[in-house]
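As structure tokens, one chain now follows by itself in the form predicted on its own.
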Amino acid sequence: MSRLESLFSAARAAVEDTEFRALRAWKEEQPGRHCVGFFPVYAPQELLWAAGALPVALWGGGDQVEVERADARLQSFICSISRSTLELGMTGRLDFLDGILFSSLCDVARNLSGVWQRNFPGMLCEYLHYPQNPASGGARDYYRGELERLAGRLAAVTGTEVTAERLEHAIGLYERQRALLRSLAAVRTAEPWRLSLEEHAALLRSCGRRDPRAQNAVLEELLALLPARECRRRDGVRVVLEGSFCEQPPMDLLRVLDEAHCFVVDSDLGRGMNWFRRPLARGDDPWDDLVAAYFESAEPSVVRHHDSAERSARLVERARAHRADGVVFCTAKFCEPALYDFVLHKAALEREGIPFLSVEFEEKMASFESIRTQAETFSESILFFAEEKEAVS
């Protein structure tokens, strides 16, 4: 196995280890270390790190966990990630966490926080209220107050006060990681055959399962090795993948898209790991920097209470900027925010004449042949019409 392959393999292992062995070992290496879990759409990881806790993204159980105990406490018609995350907790797999953070993402996440608090009374369970009206004059002060309140609650567990110096250092650490992830995404955009979608997704998701200092070193090494990777240029259609901002598609599904020659050149996979689309403006107060970033630099999202027209316009803009031939909506079963957005985005894409495909998934999916057929038909139809247009002209 080459060094590059070993790095990809380690990233995937970190993501798929539902026993969290590496994180348990990291915590035990040094007395006083703490871990706080969070739902992986967006959480202020900088604040958690500054408070002395490693942020741990809870991606659910994937196909590694049978949901049994959680079904006694949650309805069967909600998203897989919520059910399997609770299952991880109820089977003791998350007992290494010192706390867990939920936020106003959707009704399910909101209610899951209450279920969690009732079933795990010994664990810190916090709910971060994001501003519902970002245009309000008091929204920024309100959000800063929420961050400061969360910092105080974390300090009571970790014993570490979030000072301006600690927060400044943490912002720099995660800014470096986001810059590296943007560079990685640029490789995928320019040469999608050089970095598979499956590999890219594993690297994104592993950012929420490792010490950021170690992860940054891994990303730096990968970016140095990728240009020399032996690979063959492949033909296909360029697409934007949308709708997977929370529950992530199975790796096998991502492989199917690549094999069907639907090359994803931009996506919302692992959005919480790279929430800000441009570098943060840095000033004298890191608290204000973190607050301003949420309002000024975050990618529009249905779970961020942005205007729907702006979100659709941004999707069209991303498709144009990445020279995409179409858009693939890949939404989790029972994910109401993603399904609501699809209706609005669909209308915008139709107005712009951008082809799109919609597929649905859940964690325990075992067969992807239907999606393969749809993706192959989608890519072939785009190529066919492109050839027809070229012949007419």
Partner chain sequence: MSEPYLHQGAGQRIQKDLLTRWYRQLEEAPGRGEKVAYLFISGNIGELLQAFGMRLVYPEVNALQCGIKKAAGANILAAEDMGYSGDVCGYVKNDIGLMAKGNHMPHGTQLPPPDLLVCNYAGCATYLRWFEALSRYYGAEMVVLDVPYLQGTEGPAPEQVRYVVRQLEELCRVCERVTGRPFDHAGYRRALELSRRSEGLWVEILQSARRRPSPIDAYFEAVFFMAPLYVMRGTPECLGYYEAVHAEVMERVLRGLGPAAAEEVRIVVEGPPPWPHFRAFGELFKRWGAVCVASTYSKVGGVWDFGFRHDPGRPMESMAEYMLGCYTNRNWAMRSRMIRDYVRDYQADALVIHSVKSCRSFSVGQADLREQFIRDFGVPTLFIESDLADPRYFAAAQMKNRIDAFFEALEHRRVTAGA
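Positions refer to the first chain, counted from 1. Quick caveat: nothing in here was measured; it's all calculated off a predicted structure.
What follows is about the form predicted together with the partner chain, which we do not show.
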Could you check which residue among Arg144, Arg194, Arg110, Arg282 gets a heavy atom within 4.5 Å of the partner chain in the predicted complex?
Arg110
Counting non-hydrogen atoms within 4.5 angstroms of the partner chain in the predicted complex, say which of His200, Arg178, His322, Arg311 makes the cut.
Arg311
To test your reading of this chain, name the stretch in 42-50, 22-30, 340-348, 361-369 whose heavy atoms come within 4.5 Å of the partner chain in the predicted complex.
340-348
Against the partner chain in the predicted complex, would Thr163 count as a contact residue? Criterion: heavy atoms within 4.5 Å.
no
So in the predicted complex, does any heavy atom of Pro131 sit within 4.5 Å of the partner chain?
yes
I'd like to know if Arg234 sits close to the partner chain in the predicted complex, meaning any non-hydrogen atom pair within 4.5 angstroms.
no
Give a yes or no for Phe276: in the predicted complex, does one of its heavy atoms lie within 4.5 Å of a heavy atom belonging to the partner chain?
no
May I ask you to list the residues of 58-91 that have any heavy atom within 4.5 angstroms of the partner chain in the predicted complex, in sequence order?
Ala72, Arg73, Leu74, Gln75, Phe77, Ile78
